[in-house]
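Let's start with one chain on its own, the form predicted on its own, as structure tokens.
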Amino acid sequence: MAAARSSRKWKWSHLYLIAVFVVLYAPIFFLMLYSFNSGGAMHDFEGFTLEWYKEVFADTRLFIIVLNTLVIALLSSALSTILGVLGALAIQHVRRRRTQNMLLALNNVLIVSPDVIIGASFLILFTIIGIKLGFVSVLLAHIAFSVPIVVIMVLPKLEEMSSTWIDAARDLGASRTDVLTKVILPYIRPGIFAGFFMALTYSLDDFAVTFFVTGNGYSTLAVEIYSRARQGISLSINALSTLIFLFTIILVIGYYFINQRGNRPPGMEVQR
């Protein structure tokens, strides 16, 4: 009886997971499929073509927007990774548990807050202090919502690290800089790379916050796709969205392998 119940439970749980993944990914695959439709519409698949991808690659304005998006994503990810690592180190060094929990709660505010509220808040802030909407405003906003993500990715690695390593390094005469650069940072490197890739993914995909803080003459891919979609259905949007989705998948796979490498038991690379 118990075996039958567990088998039934196993089947229902797997059916539920399959249904969830179908709901999540079916619209994406539908969009990707019709990016190859020669008919030019989101119905009646007439034949295979790469015309819409050629249109995307031939669009000079779109190429500039892609460069804007990549520059913002790489810069904001790099700067937020540095700030996030420093923030995680600061939180981890707080001795009082209550203070540490309070800092973690403050760190998580930007993660759990609605993007519309965050975007509107940044818009008001930049308007008050006189920052012109454009590259700088978008960069600062992306750094702000990426830092908490990096902190969340790095902090668990710091919690895992044994304090005896730091004590041993100090007993051997290592300075604080040596302890940081030769003991702590190498150990938390997988968390740092994971935080960088997650921040990069969030920056590439963000629309709501960017929509509020971007100005005339400056745009990112997410905002551009929204603007084109409002003008009417064009399969070049499908092609562009497919390319972004595939690039995001590559980032996620990179994060997965970095995370797997960081979870290897110590000594495996030495034995190899």
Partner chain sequence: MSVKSRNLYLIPYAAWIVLFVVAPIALIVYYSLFDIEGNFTFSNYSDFFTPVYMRMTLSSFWYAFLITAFSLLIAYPAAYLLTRTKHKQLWLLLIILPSWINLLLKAYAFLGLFGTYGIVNAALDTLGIGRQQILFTDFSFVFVSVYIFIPFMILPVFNALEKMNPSLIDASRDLGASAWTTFQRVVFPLTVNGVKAGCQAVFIPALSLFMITRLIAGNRVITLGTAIEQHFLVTQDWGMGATIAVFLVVIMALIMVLTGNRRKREVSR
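Positions refer to the first chain, counted from 1. Heads up, when I say rigid core I mean the largest set of C-alphas that superpose within 1.5 Å between the two forms. Treat the numbers as computed from the prediction; the structure is a model and nothing was measured.
A second form of this protein, the form predicted together with its partner chain, is not displayed here; the remarks below concern that form.
For the candidate spot formed by F57, L79 and S219, no residue has a non-hydrogen atom within 4.5 angstroms of its partner chain in the predicted bound form. Contact check for A169: no non-hydrogen atom falls within 4.5 Å of its partner chain in the predicted bound form. Proximity of I188 to its partner chain in the predicted bound form falls outside the 4.5 Å heavy atom cutoff. Taking the partner from the other structure, its partner chain in the predicted bound form has no heavy atom within 4.5 Å of any heavy atom of L50. Taking non-hydrogen atoms only, N238 approaches its partner chain to within 4.5 angstroms in the predicted bound form. Contacts of stretch 105-121 with its partner chain in the predicted bound form, defined by any heavy atom lying within 4.5 Å, are made by L106, N107, N108, V109, L110, I111, V112, S113, P114, D115, V116, I117, A120, S121, listed in sequence order. Once both forms are fitted on their core, a CA shift of 2 Å or more is seen for F45 between the shown form and the other one.
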